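As a starting point, one isolated chain is supplied in structure tokens, in the form predicted on its own.
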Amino acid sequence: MRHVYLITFFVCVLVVSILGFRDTPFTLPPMDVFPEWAFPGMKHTPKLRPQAESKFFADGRADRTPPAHTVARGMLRDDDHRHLGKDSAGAFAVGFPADLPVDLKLLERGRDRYQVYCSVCHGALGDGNGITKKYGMGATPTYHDDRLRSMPEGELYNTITNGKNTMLPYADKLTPDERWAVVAYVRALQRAQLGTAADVQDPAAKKSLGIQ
């Protein structure tokens, strides 16, 4: 039994002698436990340090000029008001971007994206009775109250982009034009609840509906 204690003590001394105590500063490079041939490229990956010399480039500099329009992570400041849902004064925009035609094609795209990403919570009619309500999500608002009817289009767009309360952002799933398309479709859902026969302007539609 005494030999077991001696061996254990010897192993501990040996380990401490090689590796040192925790937080002990070292003046020599760390010991490679695994040989380079066993794990090539894991420890000694070639790289260039800032302001170092490079023989690869003709000017000999390791620092390279970033490509045009490059933005450092976390430093993006999007001044394109169309993508912010705001006007030039910084307020939420009323209406849609001037260069975005609000037509049947846009509404169909908005309906498609709405059915994929929005209807599960907000319901097919925008009344907040999506399938998630059956599983305990009871705070989904209806689009058909006065607060949301009077909300600027830019604020709806901003909510889709950045999320609000329990709603997560959808900027990673919908392009800016698709977000505007969803806003247009939401407006169509709201208008459908308040529409009257007098709103029908197409002569063929009037005839099919028997409207004089």
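Heads up: residue numbers just count along the shown sequence, starting at 1. If you're wondering where the values come from, they're calculated on a predicted model, not measured in any experiment.
Just so you know, the form predicted together with a small molecule exists too; it's not on screen, but the next bit is about it.
In the model of the complex, residue 102 stays away from the small molecule, with no heavy atom inside 4.5 Å. The closest non-hydrogen atom of residue 48 lies beyond 4.5 Å of the small molecule in the model of the complex. Residue contact check for residue 164: one or more of its heavy atoms lie within 4.5 Å of the small molecule in the model of the complex. Using a 4.5 Å cutoff between non-hydrogen atoms, residue 148 counts as a contact of the small molecule in the model of the complex. No residue in the set 96, 184 and 188 has a non-hydrogen atom no more than 4.5 Å from the small molecule in the model of the complex.
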